[in-house]
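Just so you know, structure 1 and structure 2 below are the same protein chain in two forms, each on its own as structure tokens.
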Structure 1
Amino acid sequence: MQEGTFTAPGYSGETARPAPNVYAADCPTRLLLDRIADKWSVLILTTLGPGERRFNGLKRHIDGISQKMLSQTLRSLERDGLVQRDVVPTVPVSVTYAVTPLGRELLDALQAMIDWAERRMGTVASAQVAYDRREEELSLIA
């Protein structure tokens, strides 16, 4: 990191790294996946799709999520500008979460994937069964 030393792009002494491409770590798709490719983000977004909800409402609706993961994931969705958090000074205080316009856009973009899941997860499940049966046969031979 030497300041003031202009390093021309043509410098060829130290190019052990493969040339970066669109699948390098700074590819937009990759950055998105790093954010939302966990099992909770999409579920939270879709739960908030029909309308705002409160913390414990989300927790009750998304079966199996822990408070920690809900809190953590909501914070990260809020940071990404996909979800808005509002503190309503009732007593006890209530906190509502809602998708932002940006989050709504993403939700729309995810819809095709969700539809595919509803149509095809049965096929995937069958493929798994078939694969496991083949595996078992092979292990019996060996």
Structure 2
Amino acid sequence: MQEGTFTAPGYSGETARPAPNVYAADCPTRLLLDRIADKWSVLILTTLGPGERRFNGLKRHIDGISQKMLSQTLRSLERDGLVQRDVVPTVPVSVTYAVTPLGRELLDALQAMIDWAERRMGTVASAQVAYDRREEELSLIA
């Protein structure tokens, strides 16, 4: 700081970071949205919502997920602080997964979307049928 210059109260002396802009290609928020909007992440988090589970319990509960995808998604969710992995050194080793407090916050937000999807699936299905019918009619004209 130059001689004769005073700092304002509350000023840290550092330039503030720009506010996140999810529309910018390099915004870290976009990467997080990509992860939490992924169907496997949503299904894993909602499965873990009621309590901890082991890997095979998750795999049995989430129909259609491969072992590789489950493993990759769990690692990503753990890295993001949304899932906690606990290893118990037994023979064989026992590994359980649980939602963290941060993951619980996300689950609360996701539940509103899940409720909406379940409530509106019939309306969406009707819209899809109507769209497909219009597209088919247009293709017959062309």
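Counting starts at 1 with the first residue of structure 1 and goes up one by one along its sequence. Because the structure is predicted, anything quoted here is derived from the model rather than measured. Definition used throughout: the rigid core is the maximal C-alpha set that superposes within 1.5 Å between two forms.
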message: Just verifying the output here: the form predicted in complex with the DNA should be either structure 1 or structure 2. Which one is it?
response: 1
- request: Would you tell me if Q67 moves between the two structures by 2 Å or more at its C-alpha, with the rigid core held superposed?
  value: no
message: Tell me whether N56 is among the residues that move between the two structures (Cα shift of 2 angstroms or more, core superposed).
response: no
query: Rigid core superposed, T29 Cα shift between the two structures in Å?
result: 4.8
